[in-house]
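In the block that follows, a single chain appears as structure tokens, in the form predicted alone.
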């Protein structure tokens, strides 16, 4: 949904913040050129953010400050789903030795609420707060499978079906077939669809009404998750974790 009366100053400030997030650190001249803004305007936005603690200046370059982490941590900690699911996600990671994840959907994208690493877990690019296309992950497909067809269509219309790897779903027909399989099987599988060589098993977490709250998963290198594993003990462990979270959320 587009704002009826967007505040241009706010839009510019947020655009600067997002650019700094992507670049890591930038100087005023580089930001002004990248965003097609005047240097003085960029400088004014940055110094205001700096005074409030949201931006730090290192030499001639600016970078985001940890005050954003304070806000993000507060938002996550105040989320009931995170509070209830956290111990079970940690237990899933410890029991499997792999990487366990928790995701919710917001504005048509998947947001990682947390991840927990077991003893053998691989370290990939995900982090708490990271947003990703739902169709490219088992976590996302577990969520999509329990949204209405109209909602799924709206998400695809807004965000598309970008291919992250050659294995990614990139057509509506393929997506809806995959979602049918998720509902029939009870869990979703990602076979290198966002990160090549990584396999993931995810189960939805739902309200007693059937509304989906999010999803939980375990990820591992394909060499440690065989075809049989995808439908055996790891899948059962993920389904069990989802069930425990559901019970604690609903009762």
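Residue numbers count along the first chain shown, from 1. This one's a predicted model, so the numbers in the text were calculated from it and none came from an experiment.
If you look for the form predicted together with another copy of the chain, you will not find it shown, but the lines that follow are about it.
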Exercise for the section: May I ask you to state whether residue 52 is within 4.5 Å of another copy of the chain in the model of the complex, using heavy atom distances? Expected result: yes
Exercise for the section: Report whether the minimum heavy atom distance between residue 151 and another copy of the chain in the model of the complex is within 4.5 Å. Expected result: no
Problem - another copy of the chain contact at residue 160 in the model of the complex, heavy atom, 4.5 Å - result: no
Problem - residue 64: touches another copy of the chain in the model of the complex, heavy atom cutoff 4.5 angstroms - result: yes
Problem - in the model of the complex, segment of 121-129, 162-170, 177-185, 136-144 with a heavy atom within 4.5 Å of another copy of the chain - result: 121-129
Completion exercise
Contact check, 199-227 vs another copy of the chain in the model of the complex, heavy atom within 4.5 Å, ordered by sequence, gives none
